[in-house]
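What follows is a single chain, given as structure tokens, in the form predicted on its own.
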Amino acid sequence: MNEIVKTAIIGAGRWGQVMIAAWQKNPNVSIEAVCDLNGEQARAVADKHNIPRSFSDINEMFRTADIDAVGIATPDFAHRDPVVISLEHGKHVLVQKPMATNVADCQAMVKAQESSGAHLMVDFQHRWGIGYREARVAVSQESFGNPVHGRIRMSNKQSVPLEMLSWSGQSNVLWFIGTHTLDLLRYILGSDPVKVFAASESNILRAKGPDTEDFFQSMIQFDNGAWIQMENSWVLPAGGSSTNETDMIIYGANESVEVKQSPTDLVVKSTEIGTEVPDGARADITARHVSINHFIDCIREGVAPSVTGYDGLMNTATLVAIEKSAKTGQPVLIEEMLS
């Protein structure tokens, strides 16, 4: 398909407008409509961005508008219906992370994708950050040796759950940003999680309003034998230098690779003979438009996206296992979540 891809946005909130901004800069895309359960919001966003049509009903939109693909940016817990309905109408789907907040919803989406033959991509945009791509290359080298252990951290200031997200009480930091760190680990290690052991606390945020966890500390074992500690917090101090703090280090049998978001934004590789900083390896942590436009490229070229429904399913199954482990204080096998 080499012609213009006609798209619609489902979910007219903050991230829906990020997708609009990306696609309006793409000469191969024409945004035909905005859809949101809040019809007034849909109309306001459509008018703001000069999009010709707005809808509050997804089925009406598909009946009356000429659309090839949709970008879905509803809240984390509200992805299943718009994804499945879009696929049943034969539309290609880009859904924001996480794919869903329970395994059954993910399985329904994968089934709908398999029946439709259309593309289903989950927007794990951090994979396109230069630092993480460099880290994946480093880990894949024979010189690195088998991955052994490491840690990854992505955390937010309290302003994110208290001010930015109106629905933070219906989600938690694990689903909002832990989904990213987990996907990066699967991507970099080329391996699936098999077991988790986790802990969380719920004191600070609940005292201020949202009924949600302050943080999760998770130990994750992968099928290549590596153990990685993953930290996700929503209670960083308000006076911190960054809304989002992210860093990662993976140790192999012979080498290590580290991504530092601040202050230097560099990828650092430690070998048996010294330390290297790959040329041009400054970490573009928010490569959001690259992933969104990768989806369009795949439609036009007739190839499968590099992030699939299976990636979304495994991500959700692991996050569900982490939640269960944090509640029970016991290790949880990922296969138990998939059965």
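Start at 1 with the first residue shown and count on from there. These figures come from a predicted structure and were not determined experimentally.
Separately, the form predicted in complex with a small molecule exists; it is not shown, and the next lines address it.
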| item | value |
| --- | --- |
| L165, V196, V267, V235 - the one with a heavy atom within 4.5 Å of the small molecule in the predicted bound form | L165 |
| Residue among S30, T308, Q41, N293 with a heavy atom within 4.5 Å of the small molecule in the predicted bound form | Q41 |
| 4.5 angstroms heavy atom contact with the small molecule in the predicted bound form for L185 | no |
| Distance check, G145 to the small molecule in the predicted bound form, heavy atom within 4.5 Å | no |
| Partner proximity in the predicted bound form: A321 to the small molecule, non-hydrogen atom cutoff 4.5 Å | no |
| V84: touches the small molecule in the predicted bound form, heavy atom cutoff 4.5 angstroms | no |
| One stretch from 205-213, 67-75, 113-121, 145-153 that, in the predicted bound form, holds residues within 4.5 Å of the small molecule by heavy atom | 67-75 |
